[in-house]
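This document opens with one chain alone, in structure tokens, the form predicted on its own.
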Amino acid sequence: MNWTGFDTWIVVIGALCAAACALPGCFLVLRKMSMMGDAISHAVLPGLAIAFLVTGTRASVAMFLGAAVAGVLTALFTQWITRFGNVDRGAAMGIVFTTLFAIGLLLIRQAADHVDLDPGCVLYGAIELTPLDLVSLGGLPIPRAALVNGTVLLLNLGIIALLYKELKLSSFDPDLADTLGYPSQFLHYLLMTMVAVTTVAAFESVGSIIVIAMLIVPPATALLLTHDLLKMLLIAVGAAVLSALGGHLGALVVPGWFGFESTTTSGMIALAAGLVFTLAWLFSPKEGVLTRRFREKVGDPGSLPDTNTA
């Protein structure tokens, strides 16, 4: 294996993207809204396409605005269908995101006739090529994807740090949050906007499909290891970064074991995230399947699961 600066940038970009996804993903998992991340990551496609068709440019600001609007509309439409159509939330999500996703693909295909806007890139990403697209920052050449994903990561960190108490309370007891003057609906749509913006920032690096894994798998891994929210956020980010590093290493090494020339780093990052989750599922000190069986065999039931979510 020949490791170069190119590989370092790929890992950095993957880690920034995965960490940016893991932060809002923790709140999606706690709110039992994991599928909403899936819905938004697909439903932002028409927002991207309409933003391009209206502005005629792929500038990040226009794309972010289009994605944010589409993300909020996804949440609104899901809530309206659930409330007024008396439809299960999961079914409502499926209706909204499949419809918007199909519209988005049609619009992107139309836009692709006029500009190099590739639906395959939107779906699967091209993280291996991101170090080639450089911008100058203080005279230093930096991949644009690293700058974009790093900015979104800092934005997500800032919002969570600023509204940590409010987001925590509204995640566990929205009625109490409203009573105490913390508008749970506003916080809900703010979270949806964070997910939408994070998703579009990751499109060119890992693609929308892989973003779903980064939104859910690292937070789910963290939830197996702790029930403390702050620790959960930290562990989720750590698992996301580890998945990015392990995924790229796997993309370089694993194909040779089976006689293949190469594979995509994005896919291997998702696989690495799944492997990290599997390890936590098996060996978590309190939730691990094998850990519990070992305790049963030695006659030590262990301590009760930690229910402190403060």
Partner chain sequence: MPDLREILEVLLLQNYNTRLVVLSTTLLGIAAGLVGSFLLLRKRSLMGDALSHATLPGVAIAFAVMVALGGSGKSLPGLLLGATLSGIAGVATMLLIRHTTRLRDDVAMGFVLSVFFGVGVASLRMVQSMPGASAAGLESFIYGKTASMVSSDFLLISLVAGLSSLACLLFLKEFLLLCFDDGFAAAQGWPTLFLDVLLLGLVTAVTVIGLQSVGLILVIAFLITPPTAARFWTQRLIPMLLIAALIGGISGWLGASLSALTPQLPAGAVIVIVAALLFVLSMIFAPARGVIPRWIHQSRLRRKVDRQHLLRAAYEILEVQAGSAPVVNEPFPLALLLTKRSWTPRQLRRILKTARREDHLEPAAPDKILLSESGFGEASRATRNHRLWETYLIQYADIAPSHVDRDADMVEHILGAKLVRQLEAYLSDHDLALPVPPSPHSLEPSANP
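Positions refer to the first chain, counted from 1. All of these numbers come straight from a predicted model, not from anything done at the bench.
The protein also exists as the form predicted together with its partner chain; that form is not presented, and the subsequent description refers to it.
In the predicted complex, its partner chain stays beyond 4.5 Å of every heavy atom belonging to Arg295. Interface membership of Trp281, defined by any non-hydrogen atom within 4.5 Å of its partner chain in the predicted complex, is confirmed. The closest non-hydrogen atom of Phe97 lies within 4.5 Å of its partner chain in the predicted complex.
Under a 4.5 angstroms non-hydrogen atom cutoff, its partner chain in the predicted complex has His227 among its neighbouring residues.
Residue in contact with its partner chain in the predicted complex (any heavy atom within 4.5 Å), chosen from Leu153, Leu187, Ala177, Ile216: Ile216. The partner is absent here; in the predicted complex, the one residue of Ala102, Leu234, Leu147, Leu132 having a heavy atom within 4.5 Å of its partner chain is Ala102. Residue heavy atoms within 4.5 Å of its partner chain in the predicted complex occur in exactly one stretch of 216-224, 157-165, 134-142, 191-199, and that stretch is 216-224. Although the partner is absent from the chain shown here, none of Phe6, Leu53 and Gly181 has a heavy atom within 4.5 Å of its partner chain in the predicted complex. For the stretch 188-203, the set of residues having any non-hydrogen atom within 4.5 angstroms of its partner chain in the predicted complex is empty.
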